[in-house]
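Only one chain is included here, represented as structure tokens and corresponding to the form predicted on its own.
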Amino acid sequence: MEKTLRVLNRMVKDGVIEQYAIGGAVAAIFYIEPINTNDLDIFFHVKESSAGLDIMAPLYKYLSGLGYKGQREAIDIEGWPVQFLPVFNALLEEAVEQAREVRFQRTKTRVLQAEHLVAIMLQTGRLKDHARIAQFMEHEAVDQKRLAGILGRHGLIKKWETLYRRKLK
């Protein structure tokens, strides 16, 4: 994965994307027990471009020029299928901006914080997200006060209360 992260960092340096942070199951590994996953979810800020509605075009062109190829909904970068997910709402914007810097071996990268991961999973609302939220809560991996602030800012309190009554008690 370190080689993959180096390519992502190069994309930032070369101006293809402005900023990125790891999300999804790989990010969750930083907070809870390992989860089986076969891809790397990258949330990123889109550079202003002349690509119009095809905001992914510059990214694909850049990676194709480096010899990387598409693999279903991902791009294989150094053996890791990478799913690029543009920031498209205020929650994701905040999550990427407040991502924490970590080192993976010798390479710096950014990972979404646990509270944002939980809020994003709640907003997404898939069954596997609800199960993963329960893991975060069981492992006491989130700061409850910080999570409440995030849920409040992004209109997710009612959804949280519904889930909490149903799944987490």
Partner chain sequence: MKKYPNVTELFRQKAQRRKRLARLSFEEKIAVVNKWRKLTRSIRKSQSAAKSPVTR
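Note that the structure is a prediction, hence the values are computed from the model and not measured. Residue numbers count along the first chain shown, from 1.
There is another form of the same protein, the form predicted together with the partner chain; it is not shown, and what comes next is about it.
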Only hit among Gly70, Gly65, Gly125, Pro34 for heavy atom within 4.5 Å of the partner chain in the predicted complex is Pro34
Checked Ala114, Val26, Leu59, Met121 for heavy atoms within 4.5 Å of the partner chain in the predicted complex; positive is Val26
- Does the trio Phe30, Asn38 and Gly79 actually contact the partner chain in the predicted complex, every residue with a heavy atom within 4.5 Å? yes
May I ask you to check whether Lys108 falls inside a 4.5 Å heavy atom distance of the partner chain in the predicted complex? no
Exercise for review: Indicate whether Glu138 is a 4.5 Å heavy atom neighbour of the partner chain in the predicted complex.
Suggested key: yes
Practice prompt. Using a 4.5 Å heavy atom cut-off, state whether Met1 contacts the partner chain in the predicted complex.
Written response: yes
